[in-house]
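Listed next as structure tokens is one chain, alone, in the form predicted on its own.
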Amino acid sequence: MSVPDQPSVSKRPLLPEFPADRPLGAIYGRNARAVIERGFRVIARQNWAILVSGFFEPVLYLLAMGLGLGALVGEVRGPGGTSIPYTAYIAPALLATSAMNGAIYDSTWNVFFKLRFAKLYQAMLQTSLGPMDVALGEIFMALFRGFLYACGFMGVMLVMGLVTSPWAILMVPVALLIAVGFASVGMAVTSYLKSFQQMDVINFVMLPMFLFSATLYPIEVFPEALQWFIKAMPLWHGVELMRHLAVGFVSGATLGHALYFVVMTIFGVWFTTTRLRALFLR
């Protein structure tokens, strides 16, 4: 008795076929909005409480350190050598920290769960989405979170009378620049981490960077060798950039700090796309 021929099963390719006759056609399906739409639906149904709670940490720092410690410290030296109240000194730094925290959460722990447990990216890349669609979609969601935190924190600063320069209006788009810089690199780094113990490395890096990046006191209190190390860290550039805008001290150094995050973002998007392609589209 002969065995009837089984219908052939066509295997679905792991690598979606993209038009090769257009730029980035091999990795970009021009549908990052699908990733963004899914992100907003998740926020509306499940993650809104987590999103809101992250806003209060820098605000509590501002109230505790600015109003509490600020009453004892008085005035400190700000950008350009001008004397400013201690509360006005740390508020721009905490705004930069707020943008960083929002972006890092979305691009690390959120990505880690989707990558290692939910296997969400594997499912996405079985569709018409490419690795750059996924990278841009997730980075946009981190950017959205940073934007919310920046607007909320700016509102607090206005209420407390800490906005004294017209240049301060640029602090919101700069917060987005800081957020996208951290998010683009954070997602790529997370792709290498495989356990919760490894994820603790992120906190091990983020907390010292927050404490030492001239956030709460001037960088000049540290030895010169340590100052150079701090100046290589992205948060220090974000803090200085925000502080310059807050007091209206705009110079070539201000543009240099902004350029740092432009380069960081370009590198981060390329890094993340390369990692997703290497992980799923072999």
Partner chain sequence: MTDTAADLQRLAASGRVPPPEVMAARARRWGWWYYIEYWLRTAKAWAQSILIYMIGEPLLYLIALGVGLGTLVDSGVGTVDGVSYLVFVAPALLISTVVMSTGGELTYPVMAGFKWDRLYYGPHATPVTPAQIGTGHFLAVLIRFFVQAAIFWAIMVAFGAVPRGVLVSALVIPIGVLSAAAFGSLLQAYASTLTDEGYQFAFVQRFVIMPMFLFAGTFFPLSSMPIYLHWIGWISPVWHGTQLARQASYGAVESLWLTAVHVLFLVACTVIGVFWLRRSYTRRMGA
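Bear in mind that the values here come from a model prediction, so they are computed numbers and not experimental data. Numbering follows the first chain given and starts at 1.
Another form exists, predicted in complex with its partner chain; not displayed. Remarks below refer to it.
- The contact residue chosen from 216, 27, 35, 247 relative to its partner chain in the predicted complex is 216, the criterion being a non-hydrogen atom within 4.5 angstroms.
- Among the residues 120, 158, 211, 151, the one placing a heavy atom within 4.5 Å of its partner chain in the predicted complex is 211.
- Residues of just one listed stretch (37-45, 252-260, 58-66, 238-246) have heavy atoms within 4.5 Å of its partner chain in the predicted complex: 58-66.
- Contact with its partner chain in the predicted complex, defined as a heavy atom within 4.5 Å, is made by none of 186, 193 and 225.
- For residue 71, a non-hydrogen atom is located within 4.5 Å of its partner chain in the predicted complex, even though that partner is not displayed.
- By the criterion of a heavy atom within 4.5 Å, residue 144 is excluded from the residues contacting its partner chain in the predicted complex.
- Taking non-hydrogen atoms only, residue 54 approaches its partner chain to within 4.5 angstroms in the predicted complex.
- In the predicted complex, its partner chain sits beyond 4.5 Å of every heavy atom of residue 232.
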